[in-house]
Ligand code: AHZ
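The form predicted alone is given below as one chain in structure tokens.
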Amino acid sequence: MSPPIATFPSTTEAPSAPTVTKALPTKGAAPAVQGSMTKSVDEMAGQWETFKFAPIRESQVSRAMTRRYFKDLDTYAESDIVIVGAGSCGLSTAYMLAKARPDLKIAIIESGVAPGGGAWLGGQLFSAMVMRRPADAFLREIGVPYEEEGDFVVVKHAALFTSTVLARVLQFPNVKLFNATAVEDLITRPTGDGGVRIAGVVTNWTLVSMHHDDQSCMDPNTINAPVVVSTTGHDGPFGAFSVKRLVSMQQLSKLGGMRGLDMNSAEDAIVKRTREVVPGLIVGGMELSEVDGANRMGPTFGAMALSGVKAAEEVLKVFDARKAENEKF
């Protein structure tokens, strides 16, 4: 069976009509309107004097959202993989994993309302995105056009990359994105040698997490998973969260601390060192710069995409072993 991404239209093809599924009628709901309400956009043009939306009760809107959300919370409380951070690295990881293993249940936890991290814009709020070769391979993989500039390529707007990879990830039926949700802690299991294995994440709505200092008794939720991929970046309120937590748990002696900007060394280091830092926790993207004392890279995004590609490989190397360990508890 081909992965679902194979149905995504290429950048040169006209998009196909969306698949429409019909929900079963809800008790007490207004009857569904058939026939005349099923129109194309072209058929609606110039007909605005007689235009009218289908009838709805306000409660139907609430139920449609909450029913699905709480079903997702239930479904993904036991996940196969949790990805922390929906920036360019986290989304690239999710894409590669979902494409390779449509059988795995993948939850993405993003603290912001808007996924994408810092990749909606290029450097200093300029719009273009620069990627050094050979990261252009990932652009071709997801169908993002670019301009040739010798040893690097330029996407006309970073949002084109971000929106494309985000849309492709969210089309996979085995992926759920929980945005506006923060990871507050890591679930751990003892390994028997004084160390710990990561067995999931502790979550809360971001606005709740930001008010623990002035409110009390706001307990979190949890997601169990044999493998967690952390790609929380190096700055912001939740930057490098997982590796900082490893230090406080005495599973890392200290962080190396991010060094100054050096694009040539930084991008190579981030991709090469993407790895499992402790059992069950794979770290990618700029969060690694804090672990290893690597240089920052500034507004070049190739390492973010290819760190995600490598993170997916690292997950699949250890997944079966970590899953077997996870099933003991």
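No experiment lies behind these values; they were computed from the predicted model shown. Throughout, we count residues from 1 along the sequence that is shown.
In what follows, reference is made to the form predicted in complex with the ligand, a form of this protein that is not presented.
- The partner is absent here, but in the model of the complex a heavy atom of 183, alone among 131, 183, 223, 175, sits within 4.5 Å of the ligand.
- In the model of the complex, the ligand sits within 4.5 Å of a heavy atom belonging to residue 87.
- Contact annotation: residue 110 falls within 4.5 Å of the ligand in the model of the complex, judged by heavy atom distances.
- Residue 281 falls outside the set of residues with a heavy atom inside 4.5 Å of the ligand in the model of the complex.
- Within this chain, residue 233 lines the site of the ligand in the model of the complex, having a heavy atom no more than 4.5 Å away.
- Residues with any non-hydrogen atom within 4.5 angstroms of the ligand in the model of the complex fall in just one of 149 to 157, 189 to 197, 87 to 95, 215 to 223: 87 to 95.
- Residues of 117 to 132 lying near the ligand in the model of the complex, listed in sequence order, are 117, 118, the criterion being any heavy atom within 4.5 Å.
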